[in-house]
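Presented as structure tokens, the chain that follows is alone, the form predicted alone.
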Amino acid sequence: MKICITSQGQTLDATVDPRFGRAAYFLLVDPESMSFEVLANQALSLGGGVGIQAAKQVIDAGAEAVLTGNCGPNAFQTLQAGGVTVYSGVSGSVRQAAEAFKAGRLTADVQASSDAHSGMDRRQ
């Protein structure tokens, strides 16, 4: 199984990024072996539609689950349509998140955990 964990860095010891669509990286982790690959978030610099585009990238990478701090409604719906289960409220390191998933300590979301556009920097 391949899980996607939003990350602020490129290692298992990096901090889980609290934002899905605006996460710097997606780490695709095999929770059994802890092997992983790093994907830079290709949608990060887009002005709008970031959640949907990020979700498509994760689906195309073959992830079966996403672990993140928060996931907005557009990304959530896209991930669900792609057969990807979302787990939000995740914090700590990527390694800790993968271990919590493997141990069954996370609960799958039934709806988005944040409002649309909540991860955008609105400063001008």
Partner chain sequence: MKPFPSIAVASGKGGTGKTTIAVNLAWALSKSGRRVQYMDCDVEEPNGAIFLKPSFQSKEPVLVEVPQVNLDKCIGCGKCGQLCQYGAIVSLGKQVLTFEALCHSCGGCIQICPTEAITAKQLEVGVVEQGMAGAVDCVQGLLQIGSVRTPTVIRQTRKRSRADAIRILDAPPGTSCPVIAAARDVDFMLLATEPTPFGLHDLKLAVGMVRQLGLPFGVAINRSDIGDDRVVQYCREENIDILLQIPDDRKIAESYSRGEMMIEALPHYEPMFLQLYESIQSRGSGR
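Residue numbers count along the first chain shown, from 1. If you're wondering where the values come from, they're calculated on a predicted model, not measured in any experiment.
Below, we turn to the form predicted together with the partner chain, even though it does not appear here.
Just one listed stretch, out of 31-39, 92-100, 61-69, 77-85, contacts the partner chain in the predicted complex at the 4.5 Å heavy atom level, and that stretch is 77-85.
Residue contact check for Ile52: one or more of its heavy atoms lie within 4.5 Å of the partner chain in the predicted complex. In the predicted complex, the partner chain sits within 4.5 Å of a heavy atom belonging to Leu46.
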